[in-house]
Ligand SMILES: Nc1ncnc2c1ncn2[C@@H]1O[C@H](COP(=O)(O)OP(=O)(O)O)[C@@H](O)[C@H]1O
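Only one chain is shown below, in structure tokens, and it's the form predicted alone.
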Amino acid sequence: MSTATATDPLLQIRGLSVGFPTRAGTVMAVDDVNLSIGKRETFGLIGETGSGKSVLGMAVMRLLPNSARIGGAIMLEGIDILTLDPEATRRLRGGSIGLVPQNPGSSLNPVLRVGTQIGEAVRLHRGVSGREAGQVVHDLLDRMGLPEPEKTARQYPFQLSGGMRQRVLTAIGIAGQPALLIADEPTKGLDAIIRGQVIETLHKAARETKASMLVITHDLQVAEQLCDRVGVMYAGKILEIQTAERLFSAPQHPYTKALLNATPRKGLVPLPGTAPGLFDRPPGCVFAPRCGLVEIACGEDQAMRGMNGGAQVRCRLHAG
């Protein structure tokens, strides 16, 4: 892990809201999110399926559909990327912001050699071609720990193991020398052995590129092992931000505590109730209907509050 903090921010998200219009009204997938990612910092975003974390990642990549209603600001190195024109946005993707998508089995083109796929990203974002591009491809494969880079570059994805394919995806993600690397559910559907290889690969990518990283995951083990700080999302809102070490040893929000208690090492204690649906989010604290500590004050919206050690928590238990 790096020693960077958000006091030296690369990315600042301010008041970000993302809504999707439907016949029944607007669905708010992300609701007034504020967070910062420091230079060379790895920031994790965790939460249950449907919490809004992947939508937030797509907003940063500018990959949301045109129908999405987006409010707030996403500042990357001082520039609000929500104001960029389409051409500048295309240069941003794969350039200043790299993406490591989930499921390497479907993210790689099965009929193109590995070197060709990495080479496309190199030529597009580094402006080199021919022999120089080939050398960059071999260098990227070597940096990602793949044996015999020249041989690997000539192979097709089906000839590689799951862990090797994930390293190829990471090589594509860093081909444009990004300032920010986004890994979206990088271990989804992978077994324990390959999951460990993915964590190692992302660690290596962060070290090699000196990039900041946003890791979006439901895998708490990945967040604990890989990230410097972690944000917890629920029903479109950030409920807690802490250093990874403190969050997993001393969680502050009742939802974070319940989420960790539902893991095998905490006894698989299920969370009571169910997450709110798209159209029935409660007023005030969104976790209140499932919280054993709920009081009348929880019917009012809670602001994020700073705590000692830099933690931030959205809960009336920490008011004043």
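All residue numbers are counted from 1 along the displayed sequence. What you see is a predicted model, and the numbers here were worked out from it, not measured in a lab.
The same protein also exists as the form predicted in complex with the ligand; that form is not shown, yet it is the one meant from here on.
**Q** Using a 4.5 angstroms cut-off on non-hydrogen atoms, would G292 count as touching the ligand in the predicted bound form?
**A** Outside the cut-off, so no.
**Q** Is there a heavy atom of V286 lying 4.5 Å or less from a heavy atom of the ligand in the predicted bound form?
**A** Close contact is absent here: in the predicted bound form, V286 is far from the ligand, nothing within 4.5 Å, heavy atoms only.
**Q** Does the 4.5 Å heavy atom contact test between T256 and the ligand in the predicted bound form come out positive?
**A** No, T256 is distant from the partner.
**Q** Decide whether G52 counts as a contact residue for the ligand in the predicted bound form under a heavy atom distance cut-off of 4.5 Å.
**A** Close contact exists here: in the predicted bound form, G52 approaches the ligand to within 4.5 Å, heavy atoms only.
**Q** Honest question, do E48, P65 and L278 all end up within 4.5 Å of the ligand in the predicted bound form by heavy atom distance?
**A** Every residue of the spot touches the ligand in the predicted bound form.
**Q** Pick from 262-270, 247-255, 35-43, 53-61: which stretch has a heavy atom within 4.5 Å of the ligand in the predicted bound form?
**A** Contact criterion met by 53-61 only.
**Q** Which residues within 15-29 place at least one heavy atom within 4.5 Å of the ligand in the predicted bound form?
**A** The stretch touches the partner through F20, A29.
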